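Here's a solo chain for you in structure tokens, the form predicted on its own.
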């Protein structure tokens, strides 16, 4: 305990973080993308059943109001987009309750950006360019593969065809003994579980790996593909088996977005999780007109781990949760 006042990361990693942030800002400035700031404390928050949040009370005289510490700046950034900001990016702190481990700290640094008039293919190219820039030539190869193809390659299951007994058998074949208890009969949870154990560790070993066209049950903020409504226009980026970022060709339909939020609220209630009210300011921004755009969020602490060959996230944080 006597040494707990000291930072967890080395001075070299502290300098590496500063250099990384400088390069990111230069990258976006050169592409005329505006840096913005949005609130961490907001009255609304996302409804994703896979995320838990922090809440606090704002006291104003004799009154108090519940606020949430944002899991992502997404909703406020989209309000800016709807107000005519043009392409924007942000480097900020984000918060997710209950997340701690080798790759997780409940307070973390997030890079999030939105490109007006970009489709998902253009966004994937820009993500690749950014990572290549940060690794200064160490990474040149980029692999792009659909979720359906990579999932089948490593599981021999079609992610769009959910046959419970076949999926249980796949888990048994790979000695994933907790799968049936954790996943029950939920298609989306089975996808996450099998992908995490059988697919993700094999991704991006020698290249930047971009997985696109996710099953529709796995995203509440992406557009459904016109060619196949079973899929959404979502992409994730992986490097050395680590998930770095998540992006979408953004949903702009306010009614559809509200429907998805309400469905997630129901799932939270069924799982015994606190269900926050819908973020009406965000929904009103969608009603006013969100421009055609794509967006990406990348965890910068994880990225810095890979840049510095660090074993765990604490190695690149000044004061992780145990020393905060």
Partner chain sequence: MATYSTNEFKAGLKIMLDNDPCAIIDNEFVKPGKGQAFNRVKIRNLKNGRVIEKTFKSGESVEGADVIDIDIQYLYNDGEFWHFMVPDTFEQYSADEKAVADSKLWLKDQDMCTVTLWNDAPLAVSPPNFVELKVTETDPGLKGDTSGGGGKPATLETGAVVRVPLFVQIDEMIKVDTRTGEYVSRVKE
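Values in this document were obtained by computation on a predicted structure and should not be read as measured data. Numbering follows the first chain given and starts at 1.
The form predicted together with the partner chain exists for this protein as well; it is not shown, and the discussion that follows is about that form.
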Of 89, 248, 108, 151, the only residue with a heavy atom within 4.5 Å of the partner chain in the predicted bound form is 248
So the partner chain isn't shown here. In the predicted bound form, which residue out of 134, 189, 160, 224 has a non-hydrogen atom within 4.5 Å of it?
189
Thinking of 31, 75 and 80 as one candidate spot, does the partner chain come within 4.5 Å of a heavy atom in every one of them in the predicted bound form?
no
Check whether residue 206 has any heavy atom within 4.5 Å of a heavy atom of the partner chain in the predicted bound form, and answer yes or no.
no
Proximity of residue 51 to the partner chain in the predicted bound form, heavy atoms at 4.5 Å
yes
I'd like to check something about residue 144: if you look in the predicted bound form, is any of its heavy atoms closer than or equal to 4.5 Å to a heavy atom of the partner chain?
no
Taking heavy atoms and a 4.5 Å cut-off, does residue 233 contact the partner chain in the predicted bound form?
no
Only one of 113-121, 152-160, 239-247, 225-233 gets a heavy atom within 4.5 Å of the partner chain in the predicted bound form; which is it?
239-247
Residues of stretch 92-116 in contact with the partner chain in the predicted bound form (4.5 Å, non-hydrogen atom):
98, 99, 100, 101, 102, 103, 104
